[in-house]
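Quick heads-up: it's one chain on its own, the form predicted on its own, in structure tokens.
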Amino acid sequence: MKDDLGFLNLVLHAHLPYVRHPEFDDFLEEDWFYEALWETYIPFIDMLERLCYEDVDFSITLSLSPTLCSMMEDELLTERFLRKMENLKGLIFKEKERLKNTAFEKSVGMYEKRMKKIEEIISRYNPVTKAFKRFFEEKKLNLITTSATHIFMPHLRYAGKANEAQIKIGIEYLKTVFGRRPKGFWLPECGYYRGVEDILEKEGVEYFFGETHCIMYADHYPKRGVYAPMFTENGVACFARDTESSRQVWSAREGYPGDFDYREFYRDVGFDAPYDYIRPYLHKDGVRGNTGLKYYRITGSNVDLGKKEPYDPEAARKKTIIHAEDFLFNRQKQMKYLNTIYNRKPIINAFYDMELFGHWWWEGIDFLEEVIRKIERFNIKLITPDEYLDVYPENQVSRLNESSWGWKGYGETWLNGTNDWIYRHLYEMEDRMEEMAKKYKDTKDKRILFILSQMARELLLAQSSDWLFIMHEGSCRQYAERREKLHINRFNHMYENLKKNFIDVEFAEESYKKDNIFPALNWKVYAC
């Protein structure tokens, strides 16, 4: 460590909203999960296996949201994913014949190779959470979690025990799946408000992650900028995002993902192939959509989709090497400069949404692998927050600034004219949940216990920040609004019945069959 210029804290946040529809054979929004598995999470596991087999030294932080873990653990969704992959495998086989001796042949071969790897990994890790548990136990992954259903906490700080319950349930669920409570916590949407650290401390959390201005606009100016953590007044540490390393990787316009040799995300064979040919591989409604097979490269910044040029996997792979070295070169220069103005080695906090790598940026996993393999050549050490706090246990203390990663840096994304109608329901539901939890906290009636558990599930699912974000962004807005109304209506139906002493356990059971997240949910957190 003596020769290291500084530390790179690589943090990946893996999250998807809870989408599970057993009442339908084929549901479009479930594809979000299947696409993420085959494009991001399983290739990431493949990368980890390869690095461990070759004895590469590394340790990175991965935040796994409880909703994502719950879907990974779900037998129905796993079965449907395997069915999707079998269908896609059939399409790849047909494409291999159709595109033989064309400019697209290499791309088909790439997808065929990916499919074989998917099958191998699923045969070893089913559910795939077993893979993350393995690397967690081998100390290659520092697993942390986030709130139960990714609530935007600043806007619900006054809603009774909403945030406390979300944090407690999220941490307990990670412990259930992986056997240990996490030391770190990912604030959903990086949404920080003063006081949330008190809940985190109560749950044994030692550090969390914030946006740049969470530290930069603290009451006391940070002596080391965002290149060292800052302690809150109760001793919980905040690591804040470095904007330079973030922009270089995240931005499609300024960063690496927009390189012209990389795969074009928006052109898919599901739209290009003759309809009768592609129909068996589309959803049952027959509407054209993405299959996951894309054969074109970005080509240029203003090139129409119809004029894109064929994708070359080998050329794209070479670019990931160049970009990984460029990324590390820039971190090296950054650290050399920081070493001239600070009296300790800097830590660069590089935070990314996991789905950037693989899903949105097909070559992103290869980029990550090259960064991990080459980082020591640049005299930079990969470090986790736990390890950094062991090296530098003393840090500046201040009251931090309310912040998020959203538009304008605060909370407007999750509270505006597109979604503000939800909050009166969320506050009322929280009051009602606490009312019923306190009323029945000593009950032994299994029917009431089950109903209260399902009411808590509906409340948690309604509090998800994802639906608020989708309404703001406009994509899939109708589905997001339906989900909110569904959970609100189910919850209120059960509440009104309980208030009248009508025990309708059948309704709760039907709701559970569809949304069975957190089977061992302890609703009594609302009664404390």
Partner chain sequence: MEEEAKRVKFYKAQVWGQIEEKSIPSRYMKNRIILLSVDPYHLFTSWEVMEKPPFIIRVFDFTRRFFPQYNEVFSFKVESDVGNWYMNGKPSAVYLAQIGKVKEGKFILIAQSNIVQMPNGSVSTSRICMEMRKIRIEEKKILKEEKMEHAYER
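Computed from a prediction, not measured in an experiment: that's the story for all the values here. Positions refer to the first chain, counted from 1.
Not pictured, yet referred to below: the form predicted in complex with the partner chain.
Colleague: Which listed residue (L486, A36, M47, I60) meets the criterion of a heavy atom within 4.5 Å of the partner chain in the model of the complex?
Modeller: By the 4.5 Å heavy-atom cutoff, the listed residue in contact is L486.
Colleague: Of Q334, N401, T212, S453, which one comes within 4.5 Å of the partner chain in the model of the complex, counting heavy atoms only?
Modeller: Selected option: N401.
Colleague: Tell me the stretch among 226-234, 444-452, 355-363, 370-378 that has any heavy atom within 4.5 angstroms of the partner chain in the model of the complex.
Modeller: The contacting stretch is 226-234.
Colleague: Can you work out whether L5 and the partner chain are in contact in the model of the complex, taking contact to mean some heavy atom pair no more than 4.5 Å apart?
Modeller: Looking in the model of the complex, residue contacts with the partner chain do not include L5, since no heavy atom lies within 4.5 Å.
Colleague: In the model of the complex, is there a heavy atom of the partner chain that lies within 4.5 Å of any heavy atom of F469, even though the partner is absent here?
Modeller: Output for F469 is no: heavy atoms all beyond 4.5 Å of the partner chain.
Colleague: Could you tell me if R134 has a non-hydrogen atom within 4.5 Å of the partner chain in the model of the complex?
Modeller: R134 lies outside the contact set for the partner chain.
Colleague: My question is simply whether D304 lines the interface with the partner chain in the model of the complex - judged by any non-hydrogen atom within 4.5 Å.
Modeller: Flag for D304 set to no.
Colleague: Are all three residues S246, D272 and E434 in contact with the partner chain in the model of the complex, where contact means a non-hydrogen atom within 4.5 Å?
Modeller: Checking in the model of the complex: none of S246, D272 and E434 is within 4.5 Å of the partner chain.
Colleague: Pull the contact list for 166-201: residues with a heavy atom within 4.5 Å of the partner chain in the model of the complex, in sequence order.
Modeller: If the 4.5 Å heavy-atom criterion is applied to the partner chain in the model of the complex, 166-201 yields K168, I169, E172, K175, T176, R181, K183, R194, E201.
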